[in-house]
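What follows is one chain in structure tokens, specifically the form predicted alone.
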Amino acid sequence: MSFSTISVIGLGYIGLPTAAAFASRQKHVVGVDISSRAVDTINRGEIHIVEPELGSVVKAAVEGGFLRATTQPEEADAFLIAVPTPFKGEHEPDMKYVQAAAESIAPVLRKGNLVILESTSPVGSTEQMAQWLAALRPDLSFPQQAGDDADINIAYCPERVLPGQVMVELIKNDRVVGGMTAVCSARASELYYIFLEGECVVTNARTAEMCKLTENSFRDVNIAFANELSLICADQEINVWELIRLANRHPRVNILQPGPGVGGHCIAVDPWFIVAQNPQQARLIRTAREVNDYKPHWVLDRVKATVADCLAASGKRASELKIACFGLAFKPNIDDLRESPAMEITHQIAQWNSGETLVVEPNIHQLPESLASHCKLIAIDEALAQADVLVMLVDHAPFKAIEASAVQQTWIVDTKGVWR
């Protein structure tokens, strides 16, 4: 069965680019999101997130009649679920959005449909989704019941794209496709090859789920090494960025760069899914998460110490001091604030600082609600002119382009080595 109409459930940082990629190949795509604001924005041919090249693709797709957004699922040949999977309680996976998405599409499923879960999920989630659907649609057969002969095919296929390069990597990168049966995998691969130039590498659903978690846990462990090294170097009065540059000249050493912590909805979250399911075995993965989660608290302590030095040297009262935080996003050159250590640090500074807290974030137009009443969003030149203390949290390109002569402040906490 060919795929003439494709539905994408969840029009966020992954769902919207995926919908746009299919629509750019002149497939009719129905995007579904619970946010009426997102739906209205997309139907105007505009986008509600920051991602290079996405805007022009969405605009062309909407104007060409190939992409339409709605708040309610409709019949389609294939359904891709790309909704958040946060954690709850003691870092336990929260599957409520996946369950809600499955329940929303169940009434419109028909024989021959393909359902793909793209959301990063703990091992066994695809099978759980199939059970939810089967319970809601006893008139249809599913892979756990009928194998290759099932009425509905189900697979897991995680994204593996880099924010800021999504529209390139979505098309170029290989995909891991984990079907519940061989037929499910084959149909999922057929769907992705509509726009994919990379390879669909086929495995089973559980391995595909673990593969995504493994990729992000690997990165988290390596970042934790760099972050732990930065703590040690600070104690030893060693420039960590020079140290890493020297160590990386070894032909088999490639240390990552430290920062204020780890953010985003993937690396800061996914390793906990492994820890939650395998608490006794995942000791290194847990420790890496703890190291990276601790780093923002360490940065805040550095800011407090720097402010104390500044007050002692300047003779100002604490209420007169202005602190400028550079960057809120979880990584450079994007507007995504999810799980951002920069956000956490800025919020803590604003709560603690009795003076004015200034925020410089060129990728947003207004502060999130959690900061709006405590901080002031200003431009780079204003911050450099007004602030007593500078806190570099995200190495956005405009920050790296600041001339050294423009930075007159003595009191600086630089978590990214931009002004080293």
Ligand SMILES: NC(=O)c1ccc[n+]([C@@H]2O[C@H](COP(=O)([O-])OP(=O)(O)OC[C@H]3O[C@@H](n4cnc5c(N)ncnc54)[C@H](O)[C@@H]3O)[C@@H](O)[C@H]2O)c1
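For every residue, the number given is its place in the sequence shown, counted from 1. Keep in mind that what you see is a predicted model, and the values were worked out from it rather than measured.
The discussion below concerns the form predicted together with the named molecule, not included here.
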- [ ] Answer yes or no: in the predicted bound form, does the named molecule come within 4.5 Å of a heavy atom in every one of 14, 159 and 265?
- [x] yes
Open item on the list: Whether residue 224 contacts the named molecule in the predicted bound form should be assessed with a 4.5 Å heavy atom distance threshold; does it?
Closed with: no
Open item on the list: If we define contact as a non-hydrogen atom of the residue within 4.5 angstroms of the partner, is residue 84 a contact of the named molecule in the predicted bound form?
Closed with: yes
TODO: Would you check, heavy atoms only and a 4.5 Å threshold, whether residue 34 touches the named molecule in the predicted bound form?
DONE: yes
Open item on the list: Can you tell me if residue 241 lies within 4.5 angstroms of the named molecule in the predicted bound form, counting non-hydrogen atoms only?
Closed with: no
TODO: Have a look at 153, 230, 120, 340 for me and say which one sits with a heavy atom within 4.5 Å of the named molecule in the predicted bound form.
DONE: 120
Open item on the list: To verify the annotation, which of these, 288, 101, 177, 170, has a non-hydrogen atom within 4.5 Å of the named molecule in the predicted bound form?
Closed with: 101
Task: Answer range among 25-33, 368-376, 385-393, 353-361 for contact with the named molecule, defined in the predicted bound form as heavy atoms within 4.5 Å - done: 25-33
Open item on the list: For a quick check, can you give me the residues of 201-224 that have a heavy atom within 4.5 Å of the named molecule in the predicted bound form?
Closed with: 212
